[in-house]
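First, one chain by itself: the form predicted alone, in structure tokens.
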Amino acid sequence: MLRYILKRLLHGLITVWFIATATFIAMHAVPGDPLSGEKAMTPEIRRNLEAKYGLDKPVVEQYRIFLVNMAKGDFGISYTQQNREVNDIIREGFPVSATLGILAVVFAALGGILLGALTATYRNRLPDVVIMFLVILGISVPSFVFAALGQLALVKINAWTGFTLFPVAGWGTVMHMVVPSLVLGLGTMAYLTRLMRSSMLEVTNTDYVRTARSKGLPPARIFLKHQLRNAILPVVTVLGPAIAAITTGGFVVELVFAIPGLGRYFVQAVQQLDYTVIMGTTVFYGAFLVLMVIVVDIVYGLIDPRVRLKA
């Protein structure tokens, strides 16, 4: 098991290096630089700023410095936010994004497992048809559309009740978190529902389920112990990437609902070509995604030893 974990960690480090390198190349391939949006400045002031931020060095040297600092956990200082380190920006914004993401994952996982099991149980009947139609909508419609519809629904609900039941925007209380987390988790929930349905249908036709039925075991016990337990394994496999995807995919939802998460800083950095913030947040989220995949692989290896043997 230790060899399997070390192998996954090595692959993860290589992946993070590739993400960092690709991000660095992409940032320096974009026309312009972080100082191009500043007010008119003399050539001397521009040279001083370039020297301060290391933009006067060759690209290869900048890349070396970037990798060395990244290995130390230091993503540098923001070009556009005066004397503010990227680490401080991540430290401030990520807990908000993570809270929103965790709530969305819980909603998506519980909803996906329950609805997927329900559709498989009532295959080709009315519940299955209705839920699968909603699943198609959830997968096809972008999150920003659901966010806009969610805000419109909140305005109508608050006007109908005569008081603010769910705030339209902002962050701070549990009521602020409910609707954004639901909106953010809809797409993932739809995907997990479809995955769970397929897995449940496959498990239903296995020999051990037929044997359990022939022995006269109660249907509830067969469902919980034999069908649901085995059908949930593919869902566990995709939960790692789903967690990271929800967290990174929350940028638009954060903007729509005015949530002070990391997405706000990332979008501002893209607009202002703030290299350090873009590269720092991208590498951070990339490492987070890789970590989630590794954790899920290890958990899956503990559940099913065949995974370790094939690795």
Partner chain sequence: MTDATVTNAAGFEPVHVDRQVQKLTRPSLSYWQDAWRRLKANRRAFISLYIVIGLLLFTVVGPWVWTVDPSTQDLDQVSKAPGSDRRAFVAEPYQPWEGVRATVPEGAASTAPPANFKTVGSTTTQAVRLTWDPVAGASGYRIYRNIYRPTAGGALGLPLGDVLSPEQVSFEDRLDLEPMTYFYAVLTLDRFGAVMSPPTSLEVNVVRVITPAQAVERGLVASVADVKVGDELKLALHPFGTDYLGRDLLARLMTGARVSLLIGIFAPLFYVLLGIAYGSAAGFMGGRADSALMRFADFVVALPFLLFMILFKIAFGIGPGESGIFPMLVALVLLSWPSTARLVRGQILQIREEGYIGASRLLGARTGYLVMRHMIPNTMGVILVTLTFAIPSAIFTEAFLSFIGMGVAPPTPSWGSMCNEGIRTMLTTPHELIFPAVMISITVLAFNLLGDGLRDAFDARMRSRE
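Residue numbers count along the first chain shown, from 1. Because the structure is predicted, anything quoted here is derived from the model rather than measured. Between two forms, the rigid core is defined as the largest C-alpha subset superposing within 1.5 Å.
Just so you know, the form predicted together with the partner chain exists too; it's not on screen, but the next bit is about it.
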Is Met70 part of the interface with the partner chain in the predicted complex - any heavy atom within 4.5 Å?
no
Ala29 within 4.5 Å of the partner chain in the predicted complex, heavy atoms
yes
Counting only non-hydrogen atoms and a 4.5 angstroms cut-off, does Phe266 reach the partner chain in the predicted complex?
yes
Indicate whether Ile65 is a 4.5 Å heavy atom neighbour of the partner chain in the predicted complex.
no
The partner chain in the predicted complex - contacting residues of 131 to 146, heavy atom within 4.5 Å
Ile136, Ile139, Ser140, Val141, Pro142, Phe144, Val145
Rigid core fit then Asn124 CA moved by 2 Å or more between the shown form and the other one
yes
